[in-house]
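Before any questions on binding or motion, here is one chain by itself as structure tokens, the form predicted alone.
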Amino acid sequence: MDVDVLVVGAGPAGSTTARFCAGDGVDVLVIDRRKEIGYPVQCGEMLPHVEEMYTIFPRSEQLEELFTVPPQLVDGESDHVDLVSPGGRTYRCCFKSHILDRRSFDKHLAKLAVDAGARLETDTSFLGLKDDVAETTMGPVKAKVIVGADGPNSRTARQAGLRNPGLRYPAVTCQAKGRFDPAVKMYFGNVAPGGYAWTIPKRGGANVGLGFDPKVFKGSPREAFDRFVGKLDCTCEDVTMGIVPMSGPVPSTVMGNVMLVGDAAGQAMATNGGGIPTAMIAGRIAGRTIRGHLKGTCALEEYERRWKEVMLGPLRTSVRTRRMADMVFGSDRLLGAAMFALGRRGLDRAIRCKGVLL
């Protein structure tokens, strides 16, 4: 099979890339190994409001085009994030966000891509590259451009000679039934060594999860998760495990005719784990760059310059803040003292990917 563009992965990064490069004669094929787009859910489902994203990424433009979310895809709203220290002290930061029905949200993004002219094949895996031809479970696919949007363990990246994110945190999440405080909560300390646990309230319950630094905690992710959930008055459904890239963007996101987008490129915010906004911002840039490349107006490498202009500064700041936190994450006493020293203002800046030392 010959196509113009092969997109590997139909999450927010892949579907958004496909949406913005499909149509006008550009033949785009999106493949995803899952039988159902959006399931299982492997994230906290929290999407910052547009005004928050302009604050985090002030060089971005026309974000309303990406993040105007249909009401039926929203399971809750939150105006605050409560950061809870190891000793139980709570620092409340104003931060407006939608709580998504991620299962439906991903389907919505895939539909936008299909409506734009892309083709979608589920239950289809990328196996490797051979002589510039993608081997898949539906047969060989020859593409002018291949997009790796297949997560932090991206096989597309490895096959193309690109790097996966160096630091990847194990994460366990579930859909919990029960009564929860209406604010998003992030818990730090030995509940999730080197990372944090969360409860993100939504209709009928919450998204509950935990992620940690494997260098700090060598135990079982599921056992740590079960201990955390055991302290909550809830029942869990659809427990899943995933990986969150926390080391910042990979050194290069383009190699030959292959480009990386979203978690595959390490384009996640290291101080809060958020990857949906960055995946979609980069996906739009990737899609538009691909269209220009196929029309002969720009090289694929232009993608790297464009996404870095918008996102690299905040993402690098986020990584620096995480590295500073690593110095105290091994001790609940030091972590609590550091959170107290930063105070609400410093912690507020951290979750917005801004420097905490003025």
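Note that residue numbering begins at 1 and tracks the sequence as displayed. Model, not experiment: these values are computed from the prediction.
There is another form of the same protein, the form predicted together with a small molecule; it is not shown, and what comes next is about it.
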- line: The listed residue (Arg59, Arg305, Arg33, Lys295) that reaches within 4.5 Å of the small molecule in the predicted complex by any heavy atom is Arg33
- prompt: Do Gly287 and the small molecule share at least one heavy atom pair within 4.5 Å in the predicted complex?
  reply: no
message: Can you tell me if Pro221 lies within 4.5 angstroms of the small molecule in the predicted complex, counting non-hydrogen atoms only?
response: no
query: Could you tell me if Asn190 has a non-hydrogen atom within 4.5 Å of the small molecule in the predicted complex?
result: no
task: With heavy atoms only and a cut-off of 4.5 Å, decide whether Met259 touches the small molecule in the predicted complex.
output: no
Residue stretch of 177-185, 213-221, 246-254, 267-275 approaching the small molecule in the predicted complex, non-hydrogen atom distance within 4.5 Å: 267-275
